[in-house]
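Coming up is one lone chain in structure tokens, specifically the form predicted alone.
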Amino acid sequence: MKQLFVTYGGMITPLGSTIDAHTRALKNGQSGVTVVENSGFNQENWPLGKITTLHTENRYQELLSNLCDALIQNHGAPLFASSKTLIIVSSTKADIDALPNDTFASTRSIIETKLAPKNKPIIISNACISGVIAINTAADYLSTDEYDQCVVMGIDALSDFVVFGFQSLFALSDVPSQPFDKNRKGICIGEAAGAVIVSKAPIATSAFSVRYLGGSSSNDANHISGPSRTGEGLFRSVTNTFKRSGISPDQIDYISAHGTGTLYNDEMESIAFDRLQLTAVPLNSWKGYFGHTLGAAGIIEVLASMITMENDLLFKSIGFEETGTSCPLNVIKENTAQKVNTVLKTASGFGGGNASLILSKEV
């Protein structure tokens, strides 16, 4: 594989709208998950990662428009209008208010208006692994001579459709999620938008970038909403990612796990990491900071992992106190200064999907 770089694009979550704001919030152990009144089907008060600065009726369109503005502010319009730039968008549902019409129509329209790309955007919607798959797909496109950089955007907004849906599955937690903890109760849904730029050369408008070493995906074909009890899909994905990256388990400094806080997901991940000989590696879940942001999760969690790498600071996994999985993991309980050169990011989702990628600061 050609040498590829990953650069901050933009990041909008309940914790802020800039990388600096997120760095400060993470260092302070701040969570963006708060109780939202009357958010349930029967007016229950659910903890959600809700962005309070969104003001229009269509939260998705406003969030995407704000992300496009941030991209231009951070990197300038010419980068996105170049014929050598491809835009890839990761979202599980996009503009749900457009149903029964095309929920991605406004995505294409806003990107065309704001960024004026020469190439049509690529849309990836593969449940909660969409963001990681989108970055891996960008790497595939950059293996050709057609493109020099891919802008990978991840976005999903809160809606009754999603909250009620997870409520109907009895998957929501009535307290902020507690990934990998023995008292975990389930998922807290969130909303966010984020972007990374994957490129063949470092982006001149950014002072910090990391290398993309490789990635892979695998489907365990177990159940529409339940993961393999043996972690088979995640095990295969990470195994292939190690091979493609030329990395061994003992070279990983930190794992950004999927960590939804559900009984089955966290247990599956612990089994897979045990099979991969990774249980001693420091690990966290970002869901306690942002909630589960679905199609945006892979992107904003890569961005948060890059903040980890830039600051050489492992951030605690909010909500974790006591091991609640059959294979104990090295879950980070307190912010810890430590050299972080090489990171494994994993994701798992409905339909049996699993994906992973590896980033490194070393050139």
Partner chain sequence: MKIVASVKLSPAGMFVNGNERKIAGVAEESWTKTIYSELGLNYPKFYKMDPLAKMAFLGINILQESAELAEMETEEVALIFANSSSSQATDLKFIESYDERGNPSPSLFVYTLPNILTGELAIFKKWYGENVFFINENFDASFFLDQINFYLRKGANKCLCGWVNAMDDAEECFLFLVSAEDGTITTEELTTLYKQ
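Nothing here was measured: the structure is a model prediction, and the numbers come from that model. Residue numbers count along the first chain shown, from 1.
Although it is not shown, the form predicted in complex with its partner chain is what the next lines describe.
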Quiz item: Within 4.5 Å of its partner chain in the predicted complex, do Ser143, Phe166 and Leu169 each have at least one heavy atom?
Solution: yes
Quiz item: Counting only non-hydrogen atoms, which stretch in 178-186, 237-245, 250-258, 280-288 is within 4.5 Å of its partner chain in the predicted complex?
Solution: 237-245
Quiz item: Pick from Glu112, Asp160, Asp174, Asp148: which has a non-hydrogen atom within 4.5 Å of its partner chain in the predicted complex?
Solution: Asp160
Quiz item: So which of Ser106, Ser209, Asn219, Thr262 reaches within 4.5 angstroms of its partner chain in the predicted complex, heavy atom to heavy atom?
Solution: Asn219
Quiz item: Is there a non-hydrogen atom of Asn126 within 4.5 angstroms of a non-hydrogen atom of its partner chain in the predicted complex?
Solution: yes
Exercise. Report yes if any heavy atom of Glu267 sits within 4.5 Å of a heavy atom of its partner chain in the predicted complex; otherwise report no.
Key: no
Self-check item: Touches its partner chain in the predicted complex: Ser199 (any heavy atom, 4.5 Å)
Solution: no
Self-check item: 4.5 angstroms heavy atom contact with its partner chain in the predicted complex for Asp274
Solution: no
Self-check item: Members of 95-112 lying within 4.5 angstroms of its partner chain, judged by heavy atom, in the predicted complex
Solution: Ile96, Leu99, Pro100, Asn101, Asp102, Thr103, Phe104, Arg108
